[in-house]
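Coming up is one lone chain in C-alpha cells, specifically the form predicted on its own.
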Amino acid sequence: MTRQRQAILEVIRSDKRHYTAEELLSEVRRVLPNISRATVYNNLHALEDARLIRRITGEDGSDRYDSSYIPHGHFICSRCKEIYDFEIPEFSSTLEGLLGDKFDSYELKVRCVCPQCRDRLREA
C-alpha cells in the first residue's frame, strides 16, 4: 500500500466521523503537505474498490467515507448533516433469512435530528 493511501486510510479510521474528500485532503495534508486533490480522490476510489472503506452519499449530495464495511445503518441529521453509525444485529439475520443466503451489504439511512441539534433546539 502506498504511503498516500495508508495516510488516507489512517485518517478515516482515526475516529467515527464520516469525512468528505475535502475534509480528508485537509487532514492528510497535515502529514503529507504536498499530496494533491487528485491523489486523494484516486486513492479513495481504490480503497473503496478494495472494500476497505465505504462511500455514503450525504444529505447535501456530497460523498462521505466510512471506515467500516461491516453491515450497519446510518442516522443522518437533517439539521447539521452529520452521519452516525448504528447496528441492528437482528436486521442482518432477518435479511439472510429472507434471501436464504448471505448478502454483500445494505444501505439503511434514517433521517432524524441528532441529540446535539435536539439540545440546541430546546435551548433556543
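What you see is a predicted model, and the numbers here were worked out from it, not measured in a lab. Don't overthink the numbering: it's just position in the shown sequence, from 1. Note that the rigid core is defined as the largest set of C-alphas that superpose within 1.5 Å between two forms.
What follows is about the form predicted together with a further copy of the same chain, which we do not show.
Residue in contact with a further copy of the same chain in the predicted bound form (any heavy atom within 4.5 Å), chosen from Cys80, Ala50, Leu99, Val31: Leu99. Looking at Arg13, you'd find every heavy atom of it more than 4.5 angstroms from a further copy of the same chain in the predicted bound form. Under a 4.5 angstroms non-hydrogen atom cutoff, a further copy of the same chain in the predicted bound form has Arg118 among its neighbouring residues.
The shortest heavy atom separation between Phe75 and a further copy of the same chain in the predicted bound form is within 4.5 Å. Though the partner is left out of this view, Glu22 does not reach within 4.5 Å of a further copy of the same chain in the predicted bound form, counting heavy atoms only. If you take 57-88 and check each residue for a heavy atom within 4.5 Å of a further copy of the same chain in the predicted bound form, you get Thr57, Phe75, Ser78, Phe86, Glu87, Ile88, in sequence order.
Shown in the overlay between this form and the one not shown, fitted on the rigid core, is a CA shift at Gln116 of 2 Å or greater. Once you line up the core between this form and the one not shown, the Cα of Ser14 stays within less than 2 Å of where it was.
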